[in-house]
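As C-alpha cells, one chain now follows by itself in the form predicted on its own.
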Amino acid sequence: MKKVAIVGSQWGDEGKGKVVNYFSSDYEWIVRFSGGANAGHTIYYKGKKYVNHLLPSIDPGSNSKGFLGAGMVIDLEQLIKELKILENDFPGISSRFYIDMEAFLVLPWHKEEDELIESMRREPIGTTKRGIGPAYTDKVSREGIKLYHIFHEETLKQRLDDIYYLKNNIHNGKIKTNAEETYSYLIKLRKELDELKVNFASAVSMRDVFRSTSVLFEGAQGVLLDLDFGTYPFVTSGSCMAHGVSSVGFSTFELDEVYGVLKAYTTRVGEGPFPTELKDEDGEKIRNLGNEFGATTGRPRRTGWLDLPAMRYAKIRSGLTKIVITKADVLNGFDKVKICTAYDVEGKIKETPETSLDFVLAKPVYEELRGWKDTNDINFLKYLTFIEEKTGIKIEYISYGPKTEEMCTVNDMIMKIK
C-alpha cells in the first residue's frame, strides 16, 4: 500500500493543505506528524473554506481518517474548535480522527510565556504567540504534559503542581494561570473530546493498521523553517521535513514518494533571511494577487521571486522526489519573471547553500524569462521546464487556483498549451 509524504519546500504557506486535500480521497489515512496550531492549512470543500490548524486535511466527503502524531504539540481547545466547525457540516466526522496518546499539549501558560519571552527579546523572531516554542521547550526540558496524562488525574495534578512551581520561579510570578486552573481546563477539554467521540491511540497500536493500508503524511510549515536545518534562529520548533514521519513509527525508507510543495514564487512570514525578497511594486503586486496574508495570524507575507538554490537545499535535506507547483496563476500577466539560480556568498557562487548561514549572506543571482498570459501559455511550460532542469526534480502537478479541484497533472496542462 502506498506511503507518501507531502512537505513544504520553502518557508511554509505553499498550499500543502490544498494539495493534501486533493490527494486525500485516494488514501485511507491522512497523518499529521509535526507542528501545532501555528500552522494554517486552508482547504475548500464544495465552495466553503475551512482553515485547519491542527486537523489533518482529510476529504470530508470520503472515508479517509486522520491521525495526529506524537511529533505535534496540540492545543486541545483549538482542536475542539476545528472539530465543532466540521461537525456543523459533517455530523459524526470527529469519530474519524485519532490522536496519539504520546502527543504533547500546549497549555495556557505556554501562550503567556510566548508573549513574555518575545517581548524581552532585543530582536524579536516573529513568533505567532500560540505557545508552540515554549511547549516544545518543555518537551525537551522534560517539563511537558502528554495527552495520556489527562486520563490519569492524580498524576496530572502532581505534574501540573511541579511544573507551575518551577515556572513561577523562573518568571518571577508573572505566569497568571495556575496549576489548579490548568487542571480544571484540561479535564473539561477531555470530556468535550469524549463527547465528540474522538479516538485515542498510539503509533504502536496503529503500526499494523498503517502498514496494511495507504497513508498520506502531511507536513507542517516548510523545510526552511525546520528547527535543525532551517534559517536558524528564525525557524519553528519542530521537524518540517519528511524524516518527521519517525514520530509515527515510520522510516523515510518506507516512503514511496516525498512531494515538495513549491509556490511559483517565494513567500515568508515573520523575521529572518529572505534572499529573493521584493520590496517594490512587483512584490506588492504578487502579495495582492496571491492574497498573501497568513492563515493563522493574518500577517502580510513577504514576497519574492522563485529561489532555486533554496529548492535544491530542500531537495537534499528532505529527500524530495517530486514537485507540486502551487499558485501558478498568480504570475499570469507579468511581462518578465525572474528566477534566482544561484547565490553570491561573499564572492563565491553557490548553486546550493551548504549551511543555513548561506541564506543570511546570500546575494541572489537571477536569470530572466518571458512571462505568460495564463497557464495554457507556452511560456509557462518553459518556466516549468527551466525549474526541472535547474533542480533535477520532476514537476508532476500544477495548482492554478484556491479550490481543491483547481489542480492538474503537467501532462494534462501540456495538452491545453496554445
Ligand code: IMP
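Because the structure is a prediction, the values reported are computed rather than measured. In case it trips you up, residue 1 is the first one in the sequence shown, and so on.
The same protein also has a form predicted in complex with inosinic acid, omitted here; what follows describes it.
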query: Would Asn38, Lys129 and Leu225 all count as contacting inosinic acid in the predicted bound form, using a 4.5 Å heavy atom cut-off?
result: yes
task: Name the residue from Leu156, Leu196, Val235, Ala342 that puts a heavy atom within 4.5 Å of inosinic acid in the predicted bound form.
output: Val235
- prompt: Among Val337, Ala179, Leu83, Val269, which has at least one heavy atom within 4.5 Å of inosinic acid in the predicted bound form?
  reply: Val269
- prompt: Quick one: is Arg299 in contact with inosinic acid in the predicted bound form, heavy atoms, 4.5 Å cut-off?
  reply: yes
task: Verify the contact flag for Gly133: yes if a non-hydrogen atom of it lies within 4.5 Å of a non-hydrogen atom of inosinic acid in the predicted bound form, no if not.
output: yes
task: Would you please decide whether Thr326 lies within 4.5 angstroms of inosinic acid in the predicted bound form, comparing each non-hydrogen atom pair?
output: no
- prompt: Does Gln221 reach inosinic acid in the predicted bound form, with heavy atoms at most 4.5 Å apart?
  reply: yes
- line: The stretch from 374-382, 39-47, 387-395, 57-65 that lies within 4.5 Å of inosinic acid in the predicted bound form, judged by heavy atoms, is 39-47
task: Scan 380-413 and note down the residues that get a heavy atom within 4.5 Å of inosinic acid in the predicted bound form; none is a fine answer too.
output: none
